[in-house]
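Consider the single chain below, provided in structure tokens and representing the form predicted alone.
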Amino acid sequence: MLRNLLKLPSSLGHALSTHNVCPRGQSLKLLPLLSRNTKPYSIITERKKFYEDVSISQGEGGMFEINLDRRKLKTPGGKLFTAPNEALAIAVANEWDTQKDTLKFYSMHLTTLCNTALDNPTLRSKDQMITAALKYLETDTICYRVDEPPSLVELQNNEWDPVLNWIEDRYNVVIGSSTSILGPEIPKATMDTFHQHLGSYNFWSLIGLEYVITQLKSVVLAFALIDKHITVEQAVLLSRLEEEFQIGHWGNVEWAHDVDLYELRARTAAGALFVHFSSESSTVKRKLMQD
């Protein structure tokens, strides 16, 4: 159980995915799975659980740290883990607290995202992250359409057009759709508007938003999810519309389909939560942190 989540001064570090743990008495380094370009990070998917109690503490500058049996966690890059607010610290601590006898690092999405934000292993600036995220708009899931069979065309129009219309109205932009293999031609004014909008997010929030975009392969669906226009379940189903259509016609390996669906939901939900938690400035009341 999560005990004494808020203890005053103590420090700890951790992050979001795969981690490497040092011997007893030393700082803990956790190695994430998130980024495609995180070459220094080892991919460790599981490890025997080595702690009993999880807590958070407030360190210097009001930052929050994660403690496993009072030992400090560090990022893969050797930095002390700090979360910018209680909400995110509690969410990360909960990932550690709910692990059983074996730590399944691949399921600890918030921890991985934190590691990535803290270490920034690819040394990208905000502008580089925004540019990379907006590249997905050129081949956005709901903008790239098929022209047959008619039943799938109708399904795409019925399910995707309302979300596309919403984002065009919401941000006063033009996006459109296309059956061309090149996708629609996105106006420069649209790209400029989205670039400016993404620039309003802090670095941590951009990490989460880019993660959601890569999961859904869609800027449109990611924006609709973060703006709470659609739910995680809706975002995932819309991103898999063509696949679900094919499964409906040809069948599937049921267990494999379910696992893929649940994992995508988990990753997408974690990314969305990370965006909101990273933007959170208010303090979570202590009574919510008690067992």
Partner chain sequence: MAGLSSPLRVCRGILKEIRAIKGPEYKQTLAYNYVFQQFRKNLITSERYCRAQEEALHASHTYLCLLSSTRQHIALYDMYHGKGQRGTEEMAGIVGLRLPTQPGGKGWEK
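Numbering follows the first chain given and starts at 1. Keep in mind that this is a model prediction, so the values were computed, not measured.
Heads up, the form predicted in complex with its partner chain isn't pictured, but that's what we're talking about next.
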So its partner chain isn't shown here. In the predicted complex, which residue out of E159, E168, D97, E138 has a non-hydrogen atom within 4.5 Å of it?
D97
Any non-hydrogen atom of A87 within 4.5 angstroms of its partner chain in the predicted complex:
yes
Contact with its partner chain in the predicted complex for Q234, defined as at least one heavy atom pair within 4.5 Å: yes or no?
yes
Quick one: is H197 in contact with its partner chain in the predicted complex, heavy atoms, 4.5 Å cut-off?
no
Even though the partner isn't displayed, in the predicted complex is V173 close enough to its partner chain, meaning a heavy atom within 4.5 Å?
no
Exactly one listed stretch (204 to 212, 183 to 191, 149 to 157, 107 to 115) reaches within 4.5 angstroms of its partner chain in the predicted complex by non-hydrogen atoms, and it is 107 to 115
So which bits of 133 to 165 sit within 4.5 Å of its partner chain in the predicted complex, heavy atoms only?
none
